[in-house]
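Just the one chain here, the form predicted on its own, laid out as structure tokens.
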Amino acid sequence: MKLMYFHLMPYMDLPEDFAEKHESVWVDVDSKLFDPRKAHHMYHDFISELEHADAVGFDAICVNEHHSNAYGMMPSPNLLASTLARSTKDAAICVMGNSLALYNPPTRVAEEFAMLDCLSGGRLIAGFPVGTPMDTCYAYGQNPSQLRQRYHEAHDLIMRTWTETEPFSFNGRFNQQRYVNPWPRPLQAPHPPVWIPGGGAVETWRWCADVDYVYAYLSYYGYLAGQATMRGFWEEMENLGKEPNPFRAAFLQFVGVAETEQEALDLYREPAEYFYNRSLKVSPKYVAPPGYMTEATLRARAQSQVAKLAGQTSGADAAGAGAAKIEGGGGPPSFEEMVEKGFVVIGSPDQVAEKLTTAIKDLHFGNLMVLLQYGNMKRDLATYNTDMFAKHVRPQIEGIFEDEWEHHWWPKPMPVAERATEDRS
């Protein structure tokens, strides 16, 4: 197993009545709610939490990209990754990732990722998301019917940028460049491993198989709700003749660990309720612009994560009963429902390890991305949660799939003895 510390960097000071008085946490969220002085302290705490995850032995630390929202304050994950590349030593740095269609030209992504790979000593995992409709179509004004075409053209340009050894010209539909010859180039050859975050699009599964990338399912609703999506993914892999290597897939899970179950319920109730009641308040009008969802996905009746959180009922029951209350328009779930339905795995170390073992084996993934800070969780509690997981849960699950499969999609860094050795204290 690869255990990865994922961080959303949420704004932690939304008012208690946010859900009642504000239509959406995304796109048109009231900018007067943002306090830069508070954000200053939040960013420093978030970076410290990621650095601590490296120190206690997580295999990777993960950042991502979002825009115009209070759900995740990382419009540029590369800025955070550059800080972490310098201040961490062992963990892979997973940028999950850069929304390719938003970069003009996309060679900017190729250059910055190459710089990060060099700076980190070859520890980069390059994430290439299509991006949510809120980020791409509304916050950044992209045409939803052209978004995936722009995305794939950008991907092809980046791959050529990383792998061709001579300057070349690129003449695409959306990008025309007379000279493509970036410096620097990635340390990892031919390029860093590529992971594709997604929410259940059939085309994403097929494309990951075609180009041999990791499919990373970023679930809001936990392992019980994720069974249908991951079952569909593995069925598609079988149809395409791909071996069922669990390291081909990654899964995101919210987790809260304490000495006892009751202590865990007491500690993590408020952060979980903050996340689901405030951080996920998304207006339905932003989640499904015409042309964003592809025909094949519509035919498969697969429903996106953002559609579920906004209460949209069109599409398949991709999450089963896991998000029934939200999908049924009844508002956010109660904390008891979050725990019962596995949105958040909460309990003692043994309870959490048992549930995660079940999730790992049932959904058959070899890369577990855990959210151990969420909602308005303060740094001391996030550190406690991280330490409890690292000390008491990790030893019970890290051996799953060991010696059964080879991980072909993990960074290959420089030997430690060859890396820069400046004092980083």
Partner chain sequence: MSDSANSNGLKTSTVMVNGAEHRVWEKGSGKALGFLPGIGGRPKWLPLFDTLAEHHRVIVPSLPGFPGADPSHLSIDDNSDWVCACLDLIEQAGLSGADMIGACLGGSLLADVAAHSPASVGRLALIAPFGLYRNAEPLPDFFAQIFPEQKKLLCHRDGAFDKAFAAPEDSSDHSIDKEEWDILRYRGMEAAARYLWPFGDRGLEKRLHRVTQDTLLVWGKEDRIIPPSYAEAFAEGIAGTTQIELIDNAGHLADVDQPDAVAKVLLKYFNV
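Quick caveat: nothing in here was measured; it's all calculated off a predicted structure. Numbering follows the first chain given and starts at 1.
Keep in mind the form predicted in complex with the partner chain is missing from the figure; the text below concerns it.
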item: 286, 274, 215, 220 - the one with a heavy atom within 4.5 Å of the partner chain in the model of the complex; value: 286
item: Residue (of 195, 151, 251, 292) lying close to the partner chain in the model of the complex, criterion heavy atoms within 4.5 Å; value: 292
item: Heavy atom contact within 4.5 Å of the partner chain in the model of the complex, the stretch among 231 to 239, 141 to 149, 75 to 83, 102 to 110; value: 141 to 149
item: Residue contact check: residue 137 to the partner chain in the model of the complex, 4.5 Å heavy atom; value: yes
item: Residue 247: touches the partner chain in the model of the complex, heavy atom cutoff 4.5 angstroms; value: no
item: Contact of residue 174 with the partner chain in the model of the complex (heavy atom, 4.5 Å); value: yes
item: Contact flag, residue 211 vs the partner chain in the model of the complex, heavy atom cut 4.5 Å; value: no
